[in-house]
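Take a look at this single chain in structure tokens; it is the form predicted alone.
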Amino acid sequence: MSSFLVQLLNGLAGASSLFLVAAGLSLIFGVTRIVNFAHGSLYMLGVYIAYSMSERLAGGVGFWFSLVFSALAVGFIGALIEMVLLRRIYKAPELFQLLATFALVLVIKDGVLWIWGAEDLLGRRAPGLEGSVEILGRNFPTYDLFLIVIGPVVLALVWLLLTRTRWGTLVRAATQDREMLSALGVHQSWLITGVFALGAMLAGLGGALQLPREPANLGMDMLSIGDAFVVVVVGGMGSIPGAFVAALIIAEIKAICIWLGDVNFGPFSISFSKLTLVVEFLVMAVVLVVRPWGLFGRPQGTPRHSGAPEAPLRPAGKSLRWFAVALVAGMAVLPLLQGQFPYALVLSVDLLIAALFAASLHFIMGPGGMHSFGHAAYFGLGAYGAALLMKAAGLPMEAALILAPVVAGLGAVVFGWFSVRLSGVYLAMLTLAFGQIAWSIAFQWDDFTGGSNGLIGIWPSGWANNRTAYFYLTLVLVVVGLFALRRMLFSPFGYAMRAGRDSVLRADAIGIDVKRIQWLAFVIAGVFAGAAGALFVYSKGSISPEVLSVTKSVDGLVMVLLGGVQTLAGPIVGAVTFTWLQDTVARSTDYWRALLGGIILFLVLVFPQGLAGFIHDLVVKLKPNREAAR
């Protein structure tokens, strides 16, 4: 019982820091509607700045001043980010704002690497709180008791700020209806800047308070943003009390899992401690299935028009068809250039696989209007399916390439059935939860998937075991896959899918079963993503859980957004551009993330409609001029 109580107290201490990060994220999303991927980077900056200040300032006053200064400094950085970058793209689609914040993650990570280095940095203990107290015969850190108090205090202060001040009233009004607030003459720019600064300051404070508990390291950004997203969604988007309750629930469930450890049920043994890697995503999945708007959120009504009007998709013209044929023909002669460019075939296989993966995600994002943050689950299921069919079942490559997409499709049947019952950011977060669950299974099932080490020795059949033959195999399968996806969009199914995207009510009124169509779209996208994963594993000869990670899903999002969501060529252009940039930049500098992030930021600011969208608009503008010249 004493160990159980101590674990519950540990959970309360962890919940306070988690709440601080999630509260800031919830505030920013509530007012700006931006899914801020860089919020975890602000948390990481809070830890590193607090470390530097505390090392330079001696004594107890210096340490506590370092924590306060770190929070204020991160708040100032957040205000600069909003004024310099985000304010310029508020009129861009929400997903492009997400792309900009992802680019910031890359820039900030390499900035931290350049200033503080790659080594973990362990901070000092909090002066005056170095000891422990005895609880039922067990020692419990005094600093953790301090953290337990901090969470409710910050919750009370934020609640008073939002409910007892004029600024808080305006923030709550902006959360409900920004357009009406603007119509009343309220200047929103500084209001949004203030909200962003407050949210960043809370993230910086949450990070700084962790300095005596854990070392500062470069992986803190992605770990913290994943947990913060879960807390915000479980509590209800925009609800500060909901974020506090959700942080308590998730932190306590993690603490109980650690306390349980390994439990035997007859011949079976369950390691609850390993569940801590995924338990928050399991909680989020259950909550979203039972209560789609979160514990303290409000139900979303069926929108009369779910997105901005888009021009109808049109079949490719004769010139575009000839260009596509010429492009494929040009790639077909690449093996002839192996002598001059030996790396060309390897890179081309990566580009082709990335194009198919991005096109499968675009299939549900663009024409389907469904945002997925966990699409890597299907890519990984296809990759692991092909590897295990070969290693465990002894099937040849040809059979594995056929059956692996079926494995991914079966996963999409299950995940998609739950996902299509939600919409907007809640749908995206549920797909993220399913993706993390799939990653956790691959990461921990050592006997079957190889665990964190993955699987090796997965090579093509003899006839395709040389670089040229496998390139041609990949080229043929990817071209067939892209053509099939495109043809489906111009079939009755494709028109029904786009009708459901543009207006759920009107599509339902003419007899379209929107949810069934969306479910089938998820399955189709999963099948083609699985095909890309199967090709990937044979091109590399090995597989690891990274192919199922959030990072892989984010890469897919970046590819689609970089090329443009509203054009069919967008995912292909984006996949080729992003993969080529990533490969080229990574080989040219140690700080390749910052350079890549800077390039993405430039492209977002200059081409907010995506590269393919910009080219399409340019062609449309030039066409009347050519006709007038004739």
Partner chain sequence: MIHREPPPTLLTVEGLNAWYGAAHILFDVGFEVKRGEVVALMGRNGAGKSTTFKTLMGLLERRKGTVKLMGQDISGRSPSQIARMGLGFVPEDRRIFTDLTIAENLEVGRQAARRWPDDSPAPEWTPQKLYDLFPNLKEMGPDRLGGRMSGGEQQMLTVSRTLMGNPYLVLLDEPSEGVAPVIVEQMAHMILALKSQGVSILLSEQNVHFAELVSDRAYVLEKGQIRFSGTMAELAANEEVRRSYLTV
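Residue numbers count along the first chain shown, from 1. What you are looking at is a predicted structure, and each value in this text was computed from that prediction instead of being measured.
Same protein, other form: the form predicted in complex with the partner chain, not shown, and the subject of what follows.
Although the partner is absent here, R506 is not a contact residue: none of its heavy atoms lies within 4.5 angstroms of the partner chain in the predicted bound form. When the partner chain is considered in the predicted bound form, L337 lies well away from it, no heavy atom lying within 4.5 Å. Shown alone here, T163 lies within 4.5 Å of the partner chain in the predicted bound form, counting heavy atoms only. Within 4.5 Å of any heavy atom of the partner chain in the predicted bound form lies no heavy atom of G261. This chain lacks the partner; the member of R467, R298, R421, R516 within 4.5 angstroms of the partner chain in the predicted bound form by a non-hydrogen atom is R298.
Between the options I249, L170, A438, V107, the residue in contact with the partner chain in the predicted bound form by a heavy atom within 4.5 angstroms is L170.
If you check the partner chain in the predicted bound form, you find a heavy atom from every one of K91, Q176 and V186 within 4.5 Å. Partner contacts here mean any heavy atom within 4.5 Å of the partner chain in the predicted bound form, and among 223 to 231, 251 to 259, 186 to 194, 81 to 89 they occur only in 186 to 194.
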